[in-house]
Each structure stands twice: as C-alpha cells, then as structure tokens.
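Read the single chain below, which is given as structure tokens and is the form predicted on its own.
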C-alpha cells in the first residue's frame, strides 16, 4: 500500500454498520474507504442471530428507526448479488405468566397506537402458529412485520456492493491515530499508512471508545457479551422468530418483564429462537458485561438450554453442534449513538446498537450517508446524540 492515500470519506469498521454506511454513501456517488482492523464481519455482526424484530424496540425514536429500517430491506435484497436470506416471517413473544400476558397486551396497545401492527394471542391462537409450544405458556404477542436475515451475508453483501460501486476495503488495517488541525479531521493514520480525508465515520463497534480517544472525545461504549447455541439442521420446525417476554426485560431493562431467577438476571438471560434458511436453529441468549472476554461459558450454555426447553420442550431432542459468543457495542441506555462531535468537524459517530445492529443497519447507513454528504438527516437523530449522556 502507498504511504499516503486519500479518500473523500473513511469508514472505520467493517461490521454491518460500517458496511451499510459505505453502501449508502457509494449509492450517492461518494468516494469511500472502509478500514477494518481484522476482517469484515469479524466482530458482533458475525456472532449474532438474524432477528429484525420491531416489537422489541422501545417506543419513540428507537421504534421509528426500526420501522424505517425494515422498509429498506426489500430494496436491499433486490440490489445485492448475495442472497441475504431475508424472510418476513413474523415474530412471536411468549408469556409464561398471566401477568406477562397482561403486560404484553398493554404494550401491544401502545405499539399499535404508534403504528405497529401487533396482536395478542390466546393459548389456542398461539398453538395455531406454534403447535408444540409448552402447555404452561399463557399466550403471546405477534408482529407480522418482524423478520429475519442472515447477518453474515448481509454484512458481506453490503460491503461487496459498496466495493462494486467503487469503495476500497482495507482489511487487517488498524487505525493508530486521527489527525485534527484547526478543529477539522485531516488524516487517519493506520498500520498500513496514512489516509488523507476530511470526513471520518466511526463505526468501530466495541472499539469506538478507543477511536474516540484519538480526538479526545469520550464515546461511552462497553462490550456486552451475547451467547448463542446452534443446533443441527432439521426440516422446518419454526415458521416465526420466537422470543420470551423476559428477553424484552433484559434487553430494555423493563422491570415488568425481568426474569425472577437471580442467575438469569445476572446472565441477562432471555429466550430467543429462529430457524435459519439452512435449517439450523439458533437459540439464545445472554446479555453480560464481561469485559472483552468473548468466550462461551458452561453456566450460560446450560442456562440457555434449560430456558429454551421450558418454552419449546422438543428442543431437548436436537443436537447442539456449536455455540458462540459475540461482543455487542452497548451504550449506557442501550440505544445507538449517532451524529457529529462538537468542536471536531468531519467526525461522525455510528455505534452503540447493542443487539439491534442487524435490524437498524439499513436506516443507520442511510442516515449517516445523509449526515456526511448533506449535513442533515431525513429523520430526527437528536435522541441518539452523544450529548444525551452529558
């Protein structure tokens, strides 16, 4: 590589947020360079499930982003050469207690008022969609707009399409410094040389805090570990993505849905299941703050399996062929951090999506492209500003 390169925009991070940002920037004709310290999709984007779940989002801007993002998926499917296995299958959220079902009904009412079509199902109605659900499940909420996608193929497909439109992708390239003079980004120094650029997007996931320090800005991101089990491939067993109400409790820190068990609370345990296009079932998951340790643990694996069997007893007959853990970038309130940085022109942040990166990638990429090229966005991103934490 030449000692000095240049690019109109440098995107730091080759995960789904960086790839989506590069894709939308390239669609607008921008010259883009993706800088990835390891390999594309080597972080959280390659170690997660494929939920594009709308009913799990918080009311307000978070839900609005998810709905806008969901509407972008069909056009992305058409424009990418890679089959990203997008499936608008609908999502079920299961209640184990009458109290949970009551809370799901109240939540469905609020979501419907916000424009999202969510209905609640009685046990008999639930069995029509999920015949072999445990007899103790009291009912569910159902959102027809929930979908699933292959996260790995989505990330690689977006990056590949960006590359076809002219983007340069530097893999194994570590950012070492960002040069700022006269309050403006001028250069990105990397392990492969320097890149002259006046616009830099930080989409570095769990590495965002380290990147922020290079321009003396605190980007409050912590790694949140999520562990998932993968079963053998089987003929179609699940027609929908499925989660338990406790998943919503641990995800959004909602007391009314939080698991009662102390160990489950410690692990951030919440039941999720989806069957992939290849027939494997992904079973999750946990939300733990364990530093940068991305190893799976026996305690979590056993807890995930026991919890899943309580919802879907037939899971005990499947062989688990592997498990994995991913580190998701989590902000203090679990919501994305999007926008600019005061006093540093040309530096943009797109990080902190926690477990929602796959779902929110399309709209994040679109909004960041608008912000970088036009200085304004088509939807209000002020609720996701870095400065909400000050």
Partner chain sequence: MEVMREVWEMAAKGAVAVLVCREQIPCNPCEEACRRGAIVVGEDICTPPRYDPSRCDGCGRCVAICPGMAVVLLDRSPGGGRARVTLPYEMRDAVEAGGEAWALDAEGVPLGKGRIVRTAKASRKDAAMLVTLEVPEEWSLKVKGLRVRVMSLEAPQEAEMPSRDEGRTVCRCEEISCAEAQAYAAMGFRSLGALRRYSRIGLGYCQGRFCQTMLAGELQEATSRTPEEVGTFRVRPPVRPVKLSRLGGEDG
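Positions refer to the first chain, counted from 1. Note that the coordinates shown come from a computational prediction; the quantities given were computed from them, not determined experimentally.
Below, we refer to the form predicted in complex with the partner chain, which is not included among the displayed structures.
Highlighted residues 73, 149 and 379: none comes within 4.5 Å of the partner chain in the model of the complex, counting any heavy atom. Residue contact with the partner chain in the model of the complex: residue 46 places a heavy atom within 4.5 Å of it. Residue contact with the partner chain in the model of the complex: residue 153 places a heavy atom within 4.5 Å of it. By the criterion of a heavy atom within 4.5 Å, residue 325 is counted among the residues contacting the partner chain in the model of the complex.
Residue contact with the partner chain in the model of the complex: residue 56 places no heavy atom within 4.5 Å of it.
Note on the partner interface in the model of the complex: the residue among 165, 89, 222, 309 having a heavy atom within 4.5 angstroms of the partner chain is 309. For the options 190, 275, 294, 206, the residue carrying a heavy atom within 4.5 angstroms of the partner chain in the model of the complex is 294. Of the candidate stretches 33 to 41, 330 to 338, 349 to 357, 56 to 64, only 33 to 41 has residues whose heavy atoms lie within 4.5 Å of the partner chain in the model of the complex. For the stretch 273 to 305, the set of residues having any non-hydrogen atom within 4.5 angstroms of the partner chain in the model of the complex comprises 278, 280, 283, 294, 295, 296, 301, 302, 305, in sequence order.
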